[in-house]
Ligand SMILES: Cc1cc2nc3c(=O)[nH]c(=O)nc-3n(C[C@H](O)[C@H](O)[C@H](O)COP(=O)(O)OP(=O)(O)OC[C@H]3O[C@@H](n4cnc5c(N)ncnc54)[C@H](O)[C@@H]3O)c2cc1C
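Single chain ahead, by itself, as structure tokens, in the form predicted on its own.
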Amino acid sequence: MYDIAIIGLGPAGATLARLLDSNFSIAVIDKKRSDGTGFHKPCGGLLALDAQKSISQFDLALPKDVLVDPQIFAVRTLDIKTGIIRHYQRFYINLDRYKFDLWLKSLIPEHVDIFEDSICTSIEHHNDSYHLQYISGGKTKNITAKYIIGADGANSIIRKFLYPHKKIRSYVSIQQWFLEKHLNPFYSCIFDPENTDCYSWAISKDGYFIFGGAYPKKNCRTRFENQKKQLKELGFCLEEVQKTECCLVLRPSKFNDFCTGKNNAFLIGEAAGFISASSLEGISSAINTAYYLSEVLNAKKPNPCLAYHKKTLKLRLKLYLKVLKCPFMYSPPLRKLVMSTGINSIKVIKNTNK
């Protein structure tokens, strides 16, 4: 019997487990393994400014082994339909996403019980407590908790349990790793309305080159391959696939897509729909919602679900503004107009010296 059970140890779950009061008995069920094997979250691994700000509030410093080469300060934005290319200054941190998750996990206090390489398979609610069944090492096990927290991402089992009829717009994120063969490493943001109404990315990373994107579920792999073919014709080096990764990603489209929980069950991070509809950035919201919930639970509020819902109002409004921004950002005519003017772009100076 635990006070709190957390499902998932991404940035949201790991931050919450670290911040909760030591008086709580806490269990965490997570798919990853500390030895580097097992589940890896498919992710381009760029830490945006909002996420950097979220980490900085805890006075934490990223360890050196989480960072990867190169660190680049401009994003090459490509609109395939119009052929327009612009460079925009951005301050992302290029990192190894798996090592980043393990670093956050390493900060969790020892009193927290972590069941790794485990998958939660069922949830039942009886007599003011939750009974969780999970599989670990091929064996079925059970725990009971007063509070449960879904930090298990886009395909959250806890969100499905709490809101069985809620459908949030989702995409399939597919990315492949290649050996880096470009003369100059780069980041690229790709718009291609023929294959997706979202966006794609290309990132140089520690001797590898990642190409990926978020695609509508129907014919997602065909869309990915079509786009890859177009990029190869434009000079992208996308030969000899080293590995292919995919996962579900949420993309909220209305205000009530953000669901925080009920009946002593809570959702944080992407499990709650807290992800930017315009950029798909979710690490900052994962960390912030974990912090908000830790404040509520540590204060032992009489109605913690309502208190947490209120605390997230500002974030929900902020993310809803991202939803409203999407038609302007992803409308081909508007994007063509903005990119044609070159507003806010930077001029890249080529070194012609031999």
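In this text, all values refer to a predicted model and were calculated from it rather than measured experimentally. Sequential numbering from 1, following the sequence displayed.
Separately, the form predicted together with the named molecule exists; it is not shown, and the next lines address it.
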Worksheet item: Do S200 and the named molecule share at least one heavy atom pair within 4.5 Å in the predicted bound form?
Response: no
Worksheet item: If you check in the predicted bound form, is K32 within 4.5 Å of the named molecule, heavy atoms only?
Response: yes
Discussion item. Using a 4.5 angstroms cut-off on non-hydrogen atoms, would I148 count as touching the named molecule in the predicted bound form?
Written reply: no
Worksheet item: Does the named molecule get within 4.5 angstroms of any non-hydrogen atom of A286 in the predicted bound form?
Response: yes
Worksheet item: Each of I7, R97 and I275 near the named molecule in the predicted bound form, meaning some heavy atom within 4.5 Å?
Response: yes
Worksheet entry | Segment assignment from 105 to 113, 177 to 185, 81 to 89, 262 to 270: heavy atom within 4.5 Å of the named molecule in the predicted bound form | 262 to 270
Item to complete: Quick one: from K301, K325, K41, K53, grab the residue that has a heavy atom within 4.5 Å of the named molecule in the predicted bound form.
Response: K41
Worksheet item: Taking the named molecule in the predicted bound form as the reference, which of I168, L231, I157, V75 has a non-hydrogen atom within 4.5 Å?
Response: I157
Item to complete: Between 45 to 64 and the named molecule in the predicted bound form, list the residues on our side with a heavy atom within 4.5 Å.
Response: G45, L46
